[in-house]
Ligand SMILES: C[S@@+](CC[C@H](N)C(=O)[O-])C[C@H]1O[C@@H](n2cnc3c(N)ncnc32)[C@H](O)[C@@H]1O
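Next up: just one chain, as structure tokens, the form predicted alone.
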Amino acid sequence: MNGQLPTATKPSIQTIVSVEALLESAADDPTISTLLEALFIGNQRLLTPMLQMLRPEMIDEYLDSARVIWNAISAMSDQDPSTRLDEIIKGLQFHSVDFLRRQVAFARTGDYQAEDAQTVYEEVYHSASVMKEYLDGLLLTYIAWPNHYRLLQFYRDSYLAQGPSGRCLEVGPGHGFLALLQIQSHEDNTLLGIDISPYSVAYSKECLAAAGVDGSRFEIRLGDATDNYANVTECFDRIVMAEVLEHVEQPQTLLRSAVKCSHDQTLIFLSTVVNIEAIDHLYLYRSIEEVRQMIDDCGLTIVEELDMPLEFASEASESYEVALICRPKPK
């Protein structure tokens, strides 16, 4: 492995967007120019795969995504922009370097390093120092990691663009950005978020409030969603569990709870990983088919699917990020 983050595509050299071209396109927006300089010049080795995925015709859309994410991040802090930028870049470096190190170990052992849910809770979700970098960095990966960028586009263009509006549930909102987009996608949407980390709860609330979302439209609740969705029994029109299934010991419990809290037209967004290691990954899916089979067994039908393989240098691995749009099977 060559020390680069994974990319979903391997274009020819001629199609790679240069850092100079990206910065030139953002020249009229000093804020975004500063962000991109910090990303692509200060961390060029880590961010090369993102450049490899971009095409000239994608630049405007990419800059729009970068602007939306930076606005969300910067609005949550009264620090000067330079200090805040340094913080989130450190968060991205934390995720990137830790991912590479753990993925190398996983390739050797074939197993995740995390011991159990209680240990992960104590060492990650209940640690103020870890969660600060974790949440800042995770939000920034949407414009720094190719597959996370693709996942965000799929979420916005395929999931938010269809289905009923109304009552929404997000399990594990983390940084709150997907919850923000869900609420903003329709004026009738209200949202309940459940997260096991008190720091994620606070971060999500801050993200939504800083974006100007009326407090009557959302509630972010501390709770263990593996315990019957923290005893939530109401029915929802939309449910999101993004990058959550691999973080629990029995993801079947979350999927079955989603069915219980759904009606026939409920639209459900799921994403997870296959053979990809992280500091808090517990459940190991060894194939995409295993993901599909569990979803089917738990009473859901896949409507649309995006499979994003990871590639290291010239050697493809059997590792994937998977995003799925589902509905409950007819009752």
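Note that the coordinates shown come from a computational prediction; the quantities given were computed from them, not determined experimentally. Sequential numbering from 1, following the sequence displayed.
Heads up, the form predicted together with the named molecule isn't pictured, but that's what we're talking about next.
Contact with the named molecule in the model of the complex, judged as any non-hydrogen atom within 4.5 angstroms, is confined among 100-108, 169-177, 184-192, 211-219 to 169-177.
For the options 261, 92, 248, 143, the one in contact with the named molecule in the model of the complex, meaning a heavy atom within 4.5 Å, is 248. Here is the short version: of 76, 88, 138, 152, the single residue with a heavy atom within 4.5 Å of the named molecule in the model of the complex is 138. Although the named molecule is omitted here, in the model of the complex all of 134, 196 and 223 have a heavy atom within 4.5 Å of it. Within this chain, residue 112 is remote from the site of the named molecule in the model of the complex, having no heavy atom within 4.5 Å. Within this chain, residue 242 lines the site of the named molecule in the model of the complex, having a heavy atom no more than 4.5 Å away. Heavy atoms of residue 236 never reach within 4.5 Å of the named molecule in the model of the complex, leaving it off the interface. Residue 200 belongs to the set of residues with a heavy atom inside 4.5 Å of the named molecule in the model of the complex.
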